[in-house]
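Quick heads-up: it's one chain on its own, the form predicted alone, in structure tokens.
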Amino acid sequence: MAAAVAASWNPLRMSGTPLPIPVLLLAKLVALSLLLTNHQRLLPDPFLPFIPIDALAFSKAFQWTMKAVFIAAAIALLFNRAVRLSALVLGSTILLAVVSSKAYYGNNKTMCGIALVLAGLWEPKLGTAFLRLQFALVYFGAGLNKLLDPDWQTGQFFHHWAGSRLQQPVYLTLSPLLPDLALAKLFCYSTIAIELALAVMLLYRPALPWALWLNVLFQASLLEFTGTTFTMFFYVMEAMVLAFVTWPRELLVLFDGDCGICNDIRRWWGRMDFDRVSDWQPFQRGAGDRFGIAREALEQRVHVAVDGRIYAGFRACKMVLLYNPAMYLVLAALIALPPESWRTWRRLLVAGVMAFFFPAFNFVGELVYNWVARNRYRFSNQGACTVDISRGTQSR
């Protein structure tokens, strides 16, 4: 699909570029988060460089050139201009800043730079193999580093960090109820176990879907517990997950064409589906016959066919949302744009998104969906509408 249309200037559109949608979405999310958090202000003068280069020492020209290239590459990437080159340049700029200043160095920045470079180097034959290897390597290094650190072994690191620095209320409440440093040790060794497990799971392909879910839950839990994104670490580690999503060749939405509110949602969603991923068809036209879905089931709930796999009700709604790239960019903006002091906002937003999309909450989602579905004709101010079987309603 990407090769069939021209690249758009619309930053919410992904198709038409040399990169597949999931890889481009990863690169765009990182670029957007970098810009919205005003990360360019952190790009340093060369200071205690890892590789001494006298000509660059104390050079303001070097710093301002990096900032200009950084901003230009990020904007070009967002607007679908030379996306491979833009990702390479943006990632290389970050890595050059890391090499030029030990004060600037950080695992989160290095990961952003590497992720962008690997996205720009993506090739069809290799797929996301190098991205997956880098993903696993980050977790292996993080887990091994903590495992060998005496302060992590004794729990002292977590006790000081959560208790004194963060003054985390849950930790401060529960810690005195347990033996000395017991809760701190539990958190330390749980973190180490999760990170090392993720490193193994990411390399073992059958476990990859579970690893991606665990990564999402782990990073979201860290944000909820600490209130911080660890500069760019939250953004890049969550965005990495999308690179491994298999984008559907077909996403068919079977909805009730006689329902006014259903048609309103279809029209609204059509305006948000910039890549024309979803094909909305009233079930009254028989579009679902080839899937063998009973008419009674189609009358009661929306159904979505993703490359032949059927989802119904609340799960169907989630599939439509999950395969719309614009949703991820909007969510990233809502998380990254507010100032760092808006920690409560970030926590509430991330918790709400997790509650909606995480499989453990499907039961609640189904209850809400079923109630809305039973009363959908009451919610419509247009009444029932007659389906014209002679015309299609594809959003493609």
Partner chain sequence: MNWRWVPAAALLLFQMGAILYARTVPSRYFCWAPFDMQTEYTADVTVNGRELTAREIQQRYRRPKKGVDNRSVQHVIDMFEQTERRYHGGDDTRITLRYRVNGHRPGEWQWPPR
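Keep in mind it's a predicted model, so treat the numbers as computed, not measured. Positions refer to the first chain, counted from 1.
Quick note: we don't show the form predicted together with its partner chain, though the next part is all about it.
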property: Phe140, Trp152 and His160 all contacting its partner chain in the model of the complex, non-hydrogen atom within 4.5 Å; result: yes
property: Ala297 within 4.5 Å of its partner chain in the model of the complex, heavy atoms; result: no
property: Partner contact for Val170 in the model of the complex: its partner chain, 4.5 angstroms, heavy atom; result: no
property: Phe230 within 4.5 Å of its partner chain in the model of the complex, heavy atoms; result: yes
property: Non-hydrogen atom contact Phe47 with its partner chain in the model of the complex at 4.5 angstroms; result: yes
property: Listed range touching its partner chain, judged in the model of the complex by heavy atoms within 4.5 Å, from 270-278, 207-215, 242-250, 101-109; result: 101-109
property: Lys185, His303, Arg266, Lys146 - the one with a heavy atom within 4.5 Å of its partner chain in the model of the complex; result: Lys146
property: Option touching its partner chain, based on a heavy atom within 4.5 Å in the model of the complex, out of Ile261, Ala326, Leu174, Leu133; result: Leu133
